[in-house]
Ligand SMILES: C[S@@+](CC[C@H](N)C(=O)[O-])C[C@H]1O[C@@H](n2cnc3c(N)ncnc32)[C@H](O)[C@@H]1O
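Shown below, as structure tokens, is a lone chain in the form predicted on its own; questions about how it binds or moves come after it.
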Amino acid sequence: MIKEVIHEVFPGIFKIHIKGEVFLATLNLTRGRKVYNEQLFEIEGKEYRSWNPTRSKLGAAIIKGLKTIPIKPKTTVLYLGVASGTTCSHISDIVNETGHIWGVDFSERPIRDLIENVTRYRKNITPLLNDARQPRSYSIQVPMVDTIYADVAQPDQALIVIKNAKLFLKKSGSIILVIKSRSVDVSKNPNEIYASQIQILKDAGFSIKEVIDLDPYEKDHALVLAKFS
């Protein structure tokens, strides 16, 4: 019988070694329930959900060598571009019942899917049908948070994060920005786009901690971890 080997790479984030394969995983907050047909592993009385890096930019960044992650148990997160909740569900596992996520998206269908498949079973996520470009429209519903995670397909991605950070990010907080270069300018080299978006963050007072190119999991995407300096 082949025994699973599991180790915690970040608080609430694990790597599971089984039958010659390595799976990124989080401890399932809703035992027995899947979100996107991911694998479930029962190990020593606990259930873990595999975290597919081809379905999640944050998962891809961890696999690609992200050194630090500002999301852990008790963390409060404002998630911009939450969509149907694949990555959000893993963040929900990580922050567990002691943390909370406010998930913003302007499209009705993804928010419906998020409510139907994720938030109806997870009480640590608040879905918000709003436009992340207009953060004052949900300012009454969202408190100051520890981390802003942004995955928005808009040309002004960095500016959207900055606008939200001014209203919601704690002084010692962090941001995670997924830069989608083709959403900014399809005619330019992705590296030029990454540099321009990063410069916007720097000009707004953010210190860049890490930049991870997400290829081959996500072509023409990079993940930026920054902290208000």
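The structure presented is a predicted model; accordingly, all values stated were derived computationally and were not measured. The first residue of the sequence shown is number 1, and the count goes up from there.
A second form of this protein, the form predicted together with the named molecule, is not displayed here; the remarks below concern that form.
Each of 87, 107 and 131 comes within 4.5 Å of the named molecule in the model of the complex, counting any heavy atom. In the model of the complex, the named molecule lies within 4.5 Å of some heavy atom of residue 152. By the criterion of a heavy atom within 4.5 Å, residue 81 is counted among the residues contacting the named molecule in the model of the complex. Contact check for residue 49: no non-hydrogen atom falls within 4.5 Å of the named molecule in the model of the complex. In plain terms, the part of the chain that comes close to the named molecule in the model of the complex, with a heavy atom within 4.5 Å, is 99-107 out of 99-107, 119-127, 68-76, 140-148.
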